[in-house]
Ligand SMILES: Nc1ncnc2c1ncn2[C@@H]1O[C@H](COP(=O)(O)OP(=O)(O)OP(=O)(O)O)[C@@H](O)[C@H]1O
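In structure tokens, one chain follows: the form predicted alone.
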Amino acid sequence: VYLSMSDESILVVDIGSSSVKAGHSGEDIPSYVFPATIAKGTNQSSESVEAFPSELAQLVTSQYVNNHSSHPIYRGIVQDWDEMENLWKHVADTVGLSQKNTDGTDNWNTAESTSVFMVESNKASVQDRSKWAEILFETYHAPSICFGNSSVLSLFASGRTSGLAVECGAGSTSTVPIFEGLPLHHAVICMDHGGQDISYNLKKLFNDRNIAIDMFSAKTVKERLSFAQGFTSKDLPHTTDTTTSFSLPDGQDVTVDSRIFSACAESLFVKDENGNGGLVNQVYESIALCDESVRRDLAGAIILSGGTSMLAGTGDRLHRDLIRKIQTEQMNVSCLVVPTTQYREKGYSTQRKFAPWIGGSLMGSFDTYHKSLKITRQEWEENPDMVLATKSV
């Protein structure tokens, strides 16, 4: 299929539980990446204090977060629209949509000529779209908007329109079967478990060893050193060494047993006593819920995306355990997980943490977007319910 390119630049924005990714269509990666937190009562992004499971709030820097910063999105769902509007104001200021008049008031001339493509999570509702349309059309005077499903866009970023998108984010993990560009909603599974939970697990393991560490430091160490159990690499000595010595973000030098860096991530792959985790079963169940006629297409293109998928060995572990699961259940398919150590795709593998945004950047570059997908202000004013429910990626 030939898709012609458009010269018009679109602002593409992906607001997740942990970070905001923003930039213009046609760019390879987002120009702006910053925490999805807002200093309360302001439109300024706060320092990167990662959100954490609500049931653990009293144990993890709760006083600082509750008194000083807010996370408008929790596990893929907007919790506070007032704070979300403040966060969007920060996005607009950062990317240059707003400028200051001589009297100090905001000038939205740039915003009035900039179309917006919003990447939305699998948990987003039509009501969420309606609220975004109200903000973007009425407050920021955007000429047009569009909404794109993050999983569809992730798959598109990998150069595919059919496959199983596995999004491993900060607050949740989603498995979404997609066939010829359309998500099979009946087989979508979302698990409230992600990178934030792994960070908390690592923090607790450090604390159990009498090493004081906060959530931000745990997140930083996790991104540097955590890996999937069973994975080894000569390029990553801590995957084979018994102990690992390194410096914490605060400058403290520590030595710990290396197994904690895989133990903290195990909850992503195997269900715990509370029923959390279990990525292998989640992937298998999403495939099994689909008609047999499409299972081979889905299992043959299991595409990992999201920041948590960057943990070393995630693809290898999923591929290994999924093969065993498929053999045990006697499902007649062959699986391919992207990426693994043995199978990598240049470009996509290294940038998959930005995959939904990259997919949006690509989609916003095509004429198809401008001709049939975007929602104009006039369309929204004439029939908001219809266009918000039917026009999207």
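Numbering starts at 1 and runs along the sequence shown. Computed from a predicted structure; not experimentally measured.
Form predicted together with the named molecule: not shown, discussed below.
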Any non-hydrogen atom of S172 within 4.5 angstroms of the named molecule in the model of the complex: yes
In the model of the complex, does C168 come within 4.5 Å of the named molecule, counting heavy atoms only? yes
| task | Check whether G23 has any heavy atom within 4.5 Å of a heavy atom of the named molecule in the model of the complex, and answer yes or no. | result | no
Legend entry - 4.5 Å heavy atom contact, G195 and the named molecule in the model of the complex: yes
Only hit among M310, I189, L248, L184 for heavy atom within 4.5 Å of the named molecule in the model of the complex is M310
Checking G76, G163, G148, P72 against the named molecule in the model of the complex, the residue with a non-hydrogen atom inside 4.5 angstroms turns out to be G76
Counting only non-hydrogen atoms, the one stretch of 135-143, 299-307, 253-261, 85-93 within 4.5 angstroms of the named molecule in the model of the complex is 299-307
Looking in the model of the complex, the residues of 193-223 with a heavy atom no more than 4.5 Å from the named molecule, listed in order, are G195, Q196, K219, K222, E223
